[in-house]
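Read the single chain below, which is given as structure tokens and is the form predicted alone.
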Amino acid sequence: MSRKTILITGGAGYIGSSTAYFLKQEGFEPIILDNFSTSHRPKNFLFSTYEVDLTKYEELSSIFTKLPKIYAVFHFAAKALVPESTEKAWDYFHNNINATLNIAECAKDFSVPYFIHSSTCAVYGTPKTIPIKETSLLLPETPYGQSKLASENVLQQYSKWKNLRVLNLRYFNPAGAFPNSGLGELHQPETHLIPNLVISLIQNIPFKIFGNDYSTPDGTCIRDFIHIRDLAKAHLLALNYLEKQPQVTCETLNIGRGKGISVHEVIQVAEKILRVKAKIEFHPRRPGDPSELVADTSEMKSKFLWTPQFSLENMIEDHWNFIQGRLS
């Protein structure tokens, strides 16, 4: 029996490479497209990889002609640094929207049955109610969030007029690593909480908290963290869902654990696991950071018949082991 080929855009990045690794274990054949602008080629990267600028349709289309029949596209490629997007809005709109438009057009031209889109909770902006439902108001407050909402709208139109079957997955906060894979979160610059916290504890340097005056019990932001292993599995479940529900043309689901935890609480868990006391520095709030983002995951659990399995402790332990491996 031949292995189904999954095309993964942004497949050299943290989430893309982790999902490719998981799919390979599950019997699929991932093929990677990436421009390596914000990622690097991991050592022993065991996937067919093409370097391509997704904003250039002809370049992308020429690669499609060389590929085997694609069973599904998993579209991760995007610029995704929220603070940077406020300074480089044109880059974010140009890259994220055009890349989505071009990969959707190629998926249509080459008759790809399924399209899974990596979206974000940033499309909600500052939510009016917690937890956040998929039907909540969409009021993104940054160019990044706006560009991802525009990408969702592009795909909705392709599902309506071009017969592309789409599932948008609005992630909350991925973290952790796949044990023994050599793959994990390693951005330059790194803006995410758990990677920065782990490095600060390992190197005994101050950890920056951006804002301690939010309207939360301890004054720090509250976020919904999901392990990268659970997130990768959610993509396979999304594909299975589209396969089994032929009436679905375009849907959107929140992907998280449905549990909020504050920055202070994350620090306390990490201190316990690494047995090191954090040095804290308080800094002003960053633009576009709501006080609380927690997913209502009832739709995901109902449609996937699944609940995320891994805890915050697992996320921190797995990321720590990944970093230890990189430093050794």
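These figures come from a predicted structure and were not determined experimentally. So that there is no doubt, residue numbering starts at 1 and follows the sequence shown.
Beyond what is shown, the protein has a form predicted in complex with uridine-5'-diphosphate (UDP); the following relates to that form.
Just one of Thr126, Asn163, Asn240, Thr191 comes within 4.5 Å of uridine-5'-diphosphate (UDP) in the predicted complex, counting any heavy atom, and that one is Thr191.
Of the residues Arg286, Lys301, Lys69, Arg41, just one reaches uridine-5'-diphosphate (UDP) in the predicted complex with a heavy atom at 4.5 Å or closer; this is Arg286. Interface membership of Lys133, defined by any non-hydrogen atom within 4.5 Å of uridine-5'-diphosphate (UDP) in the predicted complex, is ruled out. In the predicted complex, no heavy atom of His94 sits within 4.5 Å of uridine-5'-diphosphate (UDP). Though the partner is left out of this view, Val263 does reach within 4.5 Å of uridine-5'-diphosphate (UDP) in the predicted complex, counting heavy atoms only. For the chain shown alone, Tyr158 is not a contact residue for uridine-5'-diphosphate (UDP) in the predicted complex, no non-hydrogen atom being within 4.5 angstroms. Here the chain stands alone, but in the predicted complex its contact with uridine-5'-diphosphate (UDP), taken as any heavy atom within 4.5 Å, falls in 219-227 among 70-78, 249-257, 96-104, 219-227. Of the residues in 203-233, those that come within 4.5 Å of uridine-5'-diphosphate (UDP) in the predicted complex through at least one heavy atom are, in sequence order, Phe207, Lys208, Ile209, Phe210, Cys221, Arg223.
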